[in-house]
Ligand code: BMA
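Taking the form predicted alone, here's one chain by itself in structure tokens.
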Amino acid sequence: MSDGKRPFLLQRHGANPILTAADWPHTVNTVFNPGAVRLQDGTTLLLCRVEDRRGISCLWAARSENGIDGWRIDPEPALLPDPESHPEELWGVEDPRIVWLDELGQYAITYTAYSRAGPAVSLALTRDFVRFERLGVVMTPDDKDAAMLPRRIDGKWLMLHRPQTGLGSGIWLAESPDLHHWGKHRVLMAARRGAWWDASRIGLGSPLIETEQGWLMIYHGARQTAAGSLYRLGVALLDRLDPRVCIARGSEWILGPRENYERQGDVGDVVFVCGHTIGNDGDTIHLYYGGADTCIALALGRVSEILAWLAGHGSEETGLTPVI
């Protein structure tokens, strides 16, 4: 158990929720789980999951000069499901995560393609969030919560993802020579068992953050309660030279449902993150997350403070699993 009163590593913005369905130019049901990136001109772009009243999701861009308010919503979606050419998208495209690949000069967007076979991970490339090159399914059903690393490690592209297996859900890692062919899948981190806050399932949150200490990973963990699943956020640290190795995992969650917009909605008691941006100081983090699968909220923190906290709050029960 922690000594003393734990500091709040992430502070909710006072204007939360910063985006809701009411902000959209068309009638939609919910707006949540955005990927996030700061463009070269400093503009923050959120690629939001927007669910219509049929229940089908698309990806829609919103832009802000300061990443907080004054959002400009594009008049039409950026990425609509294309079931004719991509049948894996029959029931929508969801939960994007965005990484800049300097080698290619393009953004890689991993997203969930939802079809009769279940959720799968698809990959698309773009330079401008207007034109997209769909590479199609890269992780077959049942799989989601995926993001690439921004550069090759030992000559290979790496991707974190969350397959549903007979052992339950955990965070896995795969590698590829060309973005098309993925293999050498291995377990990176498993859900803990028992009473832990992340005992039911875990999955990647936003893309990894490279630091001098290693790759900082924000992930979501769920715990099954008498009232249903409770989704919170935690952190772990991967080795900088070999991110196949998890070197630390926080014992406690750092953000959980508390406010009404996080506890009441289409799916209550959920905070779920797919995107963040880092400030000009290289330390300030803007974490954009979905509240109750209904709206978009913002939490602010510092990478340095999260790393310092993690160093003193590592878990003896890491939930790490041997390589398969």
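Values in this document were obtained by computation on a predicted structure and should not be read as measured data. The first residue of the sequence shown is number 1, and the count goes up from there.
Keep in mind that the form predicted together with the named molecule is not shown, yet the notes after this line are about it.
When the contact criterion is heavy atoms within 4.5 Å, does V267 count as touching the named molecule in the predicted complex?
Because a heavy atom of V267 falls inside 4.5 Å of the named molecule in the predicted complex, the answer is yes.
Taking any heavy atom pair closer than or equal to 4.5 Å as contact, tell me whether F272 reaches the named molecule in the predicted complex.
Heavy-atom contact with the named molecule at 4.5 Å: present for F272.
Would R192 sit within 4.5 Å of the named molecule in the predicted complex, counting heavy atoms only?
Flag for R192 set to no.
Spell out, yes or no, whether the shortest heavy atom distance between R232 and the named molecule in the predicted complex is within 4.5 Å.
R232 lies outside the contact set for the named molecule.
Of the options E259, D283, D293, D52, which one has a non-hydrogen atom that comes within 4.5 Å of the named molecule in the predicted complex?
Only one option qualifies, and that one is D293.
Going through 144-158 from first to last, which residues have a non-hydrogen atom within 4.5 Å of the named molecule in the predicted complex?
The stretch touches the partner through K144 alone.
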